[in-house]
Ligand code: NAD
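Single chain ahead, written as structure tokens, the form predicted on its own.
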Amino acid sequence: MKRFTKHTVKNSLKRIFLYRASLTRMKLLGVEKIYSYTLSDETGVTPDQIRKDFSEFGITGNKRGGYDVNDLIDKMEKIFHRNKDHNLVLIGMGNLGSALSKYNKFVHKSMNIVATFDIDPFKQKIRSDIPVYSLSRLKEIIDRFKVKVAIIAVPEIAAQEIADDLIKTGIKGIINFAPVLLKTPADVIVNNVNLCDELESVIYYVHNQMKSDSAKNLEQLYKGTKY
């Protein structure tokens, strides 16, 4: 049975991303040992929460003697299965898809876009490091490279049909950049990335902060006024 799917990355996993980034930066600075309160200063997360997150993901260490930075990073990498390569396919080679296909950080994190697909015959003829195929070869390529995760960067009107085709080939995870919720079976993970929504959320918080700052300034002004 298909259902509207919106996979929400849980907060603890988001914090693991944050810890890993901070630890990687500290490693470059030559730091070898770290305490939860030091990582708290770097990330803004309380030491208790850090230890809870570590426990949830099976990350252990000597909190009294400090955590080994390299060991922490290695354990976090295992959470994301960085010990092996992950082949991906990307559907849609418009402006967004083209930019994603050239994003070199994917390779650094063992994520390889092995093929892209587009309905435009002209794009299929363009020579590039990553080949652009016709959608008719979707199953062939996915089977060949044992792909389980796909990126959708197509117009809204085509997204559901593309998702259906991907699922038929055995795809189990979809990163969806199309501004639409996809209907998928329960065993397929979908993470929707809507850039407009992300920008609007930032705009919302910026204006709220500006209102708050303005209210504080007025309050201070009234307090300083003598009658």
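Because the structure is predicted, anything quoted here is derived from the model rather than measured. So that there is no doubt, residue numbering starts at 1 and follows the sequence shown.
One more form of this protein should be noted, the form predicted in complex with nicotinamide-adenine-dinucleotide, which is absent from this view; the next part is about it.
Looking at Leu181, you'd find every heavy atom of it more than 4.5 angstroms from nicotinamide-adenine-dinucleotide in the predicted complex.
Although the partner is absent from this view, Val45 stays clear of nicotinamide-adenine-dinucleotide in the predicted complex, with no non-hydrogen atom inside 4.5 angstroms. In the predicted complex, nicotinamide-adenine-dinucleotide sits within 4.5 Å of a heavy atom of Ile91.
Leu96 belongs to the set of residues with a heavy atom inside 4.5 Å of nicotinamide-adenine-dinucleotide in the predicted complex. Checked against nicotinamide-adenine-dinucleotide in the predicted complex, the candidates Ile171, Ile162, Ile34, Ile59 yield a single residue with a heavy atom inside 4.5 Å, and that residue is Ile162.
Note on the partner interface in the predicted complex: the residue among Val114, Ile73, Val149, Ile119 having a heavy atom within 4.5 angstroms of nicotinamide-adenine-dinucleotide is Ile119. Comparing 51-59, 171-179, 23-31, 36-44 against nicotinamide-adenine-dinucleotide in the predicted complex, the single stretch with non-hydrogen atoms within 4.5 angstroms of it is 171-179. Contacts to nicotinamide-adenine-dinucleotide in the predicted complex (heavy atom within 4.5 Å) from stretch 139-162: Ala153, Val154, Pro155, Glu156, Ala158, Ile162.
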